[in-house]
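What follows is a single chain, given as structure tokens, in the form predicted on its own.
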Amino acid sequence: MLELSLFCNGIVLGLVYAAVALGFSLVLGVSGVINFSHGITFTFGAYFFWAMYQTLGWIPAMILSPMFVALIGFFVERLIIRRVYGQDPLFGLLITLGFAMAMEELIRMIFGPATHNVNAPDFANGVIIVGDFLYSQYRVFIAVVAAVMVAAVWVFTEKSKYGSVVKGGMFNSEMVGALGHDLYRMRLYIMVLGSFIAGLSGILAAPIWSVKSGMGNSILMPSFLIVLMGGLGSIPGTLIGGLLVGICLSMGTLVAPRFVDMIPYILMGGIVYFWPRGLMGQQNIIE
């Protein structure tokens, strides 16, 4: 039963990784900026939620917190990222990394270095029993919400008119602009959407990972590697990459716990070696 429990934990973790990586991929594809502030938006989501949920309740805080994170994403795009469009991607990486480091230190100054605990909601604070197998209801709740986020973005990009424009912008944003679409506005909207997804993912992770200033670092690099593995602009590829990383990390704790942190890098190296564009990518993002 331990193996089954770890496998299920890997699926849950993979879905959260996929949701965060999806926001990372959208911003990278449309703007061409490697947004290393994506992890801190994950952290902001958890902290906003922790500050509000005991007063407002679980669901209201879960709805409001990602909106505040999306607002932060709005200002980050307008005041920071917009300045480096069309320049060397290294500039975007450095400026967003510097912003993330500054915000992490600001969180420590305001909330302190201590770890804060968040309780699971009452409606999911129990276990599911199937024969001899017991599993946390809250982890099932995380999986459902993360899967809905991924599915919603897929429906948006595949079935809506504006989503088609966004999808086109991920592969040739300058051509989209030349066709009369407001490229700056589209990049702004995608940054807000990516921040919202990261913030909501931070809320989902808070009761399991606890709330701490460095929690965004633990999800930033796996998310970036998942984008490389799945392929830029491919939602199915991002989902597959996220599940691969989540399941391998979870099962790796049983097989080789000392080397588990190396697993995402080994996976990424093997996949990119054989599929330079990622598993399902149409654009080579490592050239």
Partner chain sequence: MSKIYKDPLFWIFLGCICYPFLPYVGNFTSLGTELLLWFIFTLSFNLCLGQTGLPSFGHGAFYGMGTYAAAIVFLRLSASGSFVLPILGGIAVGAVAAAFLGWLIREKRGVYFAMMTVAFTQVCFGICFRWDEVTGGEAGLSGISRLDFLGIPMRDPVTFYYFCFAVFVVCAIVIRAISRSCFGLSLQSVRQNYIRSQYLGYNVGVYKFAVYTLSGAFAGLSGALYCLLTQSAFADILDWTKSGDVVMATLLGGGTVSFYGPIVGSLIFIICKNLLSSLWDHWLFIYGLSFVVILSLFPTGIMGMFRKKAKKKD
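Residue numbers count along the first chain shown, from 1. None of the values given here were measured: they were computed from a predicted structure.
In what follows, reference is made to the form predicted together with its partner chain, a form of this protein that is not presented.
Student: Residue-level question: is residue 19 within 4.5 Å of its partner chain in the predicted bound form, judged on heavy atoms?
Tutor: It does not: once its partner chain is placed as it appears in the predicted bound form, residue 19 has no heavy atom within 4.5 Å of it.
Student: May I ask you to check whether residue 148 falls inside a 4.5 Å heavy atom distance of its partner chain in the predicted bound form?
Tutor: Because no heavy atom of residue 148 falls inside 4.5 Å of its partner chain in the predicted bound form, the answer is no.
Student: Although the partner isn't part of this model, could you tell me whether residue 80 comes within 4.5 Å of its partner chain in the predicted bound form, counting any heavy atom of the residue?
Tutor: Yes, residue 80 is a contact residue.
Student: In the predicted bound form, does residue 105 come within 4.5 Å of its partner chain, counting heavy atoms only?
Tutor: Because a heavy atom of residue 105 falls inside 4.5 Å of its partner chain in the predicted bound form, the answer is yes.
Student: Sort through 62, 51, 70, 225 and report the residue having a heavy atom within 4.5 Å of its partner chain in the predicted bound form.
Tutor: If I apply the 4.5 Å criterion carefully, the residue I get is 225.
Student: Hey, with its partner chain in the predicted bound form, do 97, 265 and 277 all fall inside the 4.5 Å heavy atom range?
Tutor: Yes, all three are in contact.
Student: Could you tell me which of 150 to 158, 193 to 201, 87 to 95, 180 to 188 sits within 4.5 Å of its partner chain in the predicted bound form, going by non-hydrogen atoms?
Tutor: In the other structure, the partner sits against 87 to 95.
Student: Going through 5 to 41, which residues have a heavy atom within 4.5 Å of its partner chain in the predicted bound form? Please give them in sequence order.
Tutor: Stretch hits, in order: 34, 36.
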